[in-house]
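Quick setup: one chain, the form predicted alone, written in structure tokens, and binding and motion questions come after.
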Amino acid sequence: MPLAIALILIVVLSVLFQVFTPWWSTPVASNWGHIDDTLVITGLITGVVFIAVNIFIAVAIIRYRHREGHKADYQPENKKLEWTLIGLTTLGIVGMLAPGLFVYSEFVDVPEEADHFEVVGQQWQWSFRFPGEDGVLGHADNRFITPDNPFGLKPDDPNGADDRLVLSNEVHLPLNRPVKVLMRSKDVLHDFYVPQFRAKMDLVPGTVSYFWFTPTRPGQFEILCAELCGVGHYNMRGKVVVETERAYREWMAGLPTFAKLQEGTTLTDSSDLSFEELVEQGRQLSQAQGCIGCHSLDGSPTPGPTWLNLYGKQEELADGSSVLVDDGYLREAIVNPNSQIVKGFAPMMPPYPFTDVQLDATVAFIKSLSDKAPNQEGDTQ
């Protein structure tokens, strides 16, 4: 009897929760209202089944409980009941699948006037690419990815020279303009998901997936990875900022082009550069590689240790030992990051095959953020 009462209470509380805290009352930032309708249909069908099954169990417990003088009547099968259940199950499955097929066809039927941009996923960060003035994205392939070319753009493709690159986890979009989202992965399976947009799609290595939507409400919305992609999956987050056309244009004007990035990250010999020049090269390289997405520059918490005042610090490692953060430690941490894990952080950083010059530049940039770094005037080593 207590079990039956508990099941009835679960049903009642579940229904009340859906009535008084409906998920569909959350702010919707896109035009995909029919996705909500599909989810409502699915919720109603599964909700009816949930209620029916639990009430049936509760009634069966009460009605067919053990009582003296009563004996169960064994029936090996009931064809009428079986065909009824098969028919109801079939209708329920069709009711859930058919709307989804309709929604998906709309999901990938992109309007001709839609703008487009690219989302690139990598453990465990997002980056973005917009077409330049020619309105065409340059050809990209993972075979072309190098430390100087993190997006893998084909160097001799003229369409890619003016592509605007977003070297952080934050992307801006204009209000009330349809946009096609092209997606590709640099390593493993990811999923680009903005809950308020009711839109998500897998990023499959070796192919380009896409969907479209129209932002209809200004604001900031969190990007999540909805596909388990490794130990740092929970930290693979970003932000979409939906804003006015003017604000969007101002933001876009500040993005570096692929051609400009190539000029900034092409290093020759660190001995030919002053410390200030080397710091600037390291800053650009860190942005291009997405380092600042996991290592903050202002002390704020991030998936990796902050770079603010990191140089010269005595860090405690996961094995209980400690190490002084100097040039040697930083270089080793870049090329072999999992050899010494700082306490409190996950072993989630991929190794970076930097050249000696790129290592010098990155270390110089980290030094410039620390009060404990020695005076580097004239020193580029």
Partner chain sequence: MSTSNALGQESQEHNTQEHPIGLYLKIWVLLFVLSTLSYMVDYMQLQGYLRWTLIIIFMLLKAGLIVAVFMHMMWERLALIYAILLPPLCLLVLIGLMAIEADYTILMRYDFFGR
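Positions refer to the first chain, counted from 1. Here the structure is a predicted model, which means the values were calculated and not measured.
The protein also exists as the form predicted together with the partner chain; that form is not presented, and the subsequent description refers to it.
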Inset, instruction - Pick the stretch from 244 to 252, 273 to 281, 132 to 140, 160 to 168 whose residues have a heavy atom within 4.5 Å of the partner chain in the predicted bound form. - result: 132 to 140
Legend entry - 4.5 angstroms heavy atom contact with the partner chain in the predicted bound form for Ala114: no
Legend entry - Interface membership of His295, the partner chain in the predicted bound form, 4.5 Å heavy atom rule: no
Legend entry - Contact label in the predicted bound form: Leu175 to the partner chain, heavy atom within 4.5 Å: no
Legend entry - Contact label in the predicted bound form: Val208 to the partner chain, heavy atom within 4.5 Å: yes
Inset, instruction - Could you spot which one of Val179, Leu308, Leu182, Val240 gets a heavy atom to within 4.5 Å of the partner chain in the predicted bound form? - result: Leu182
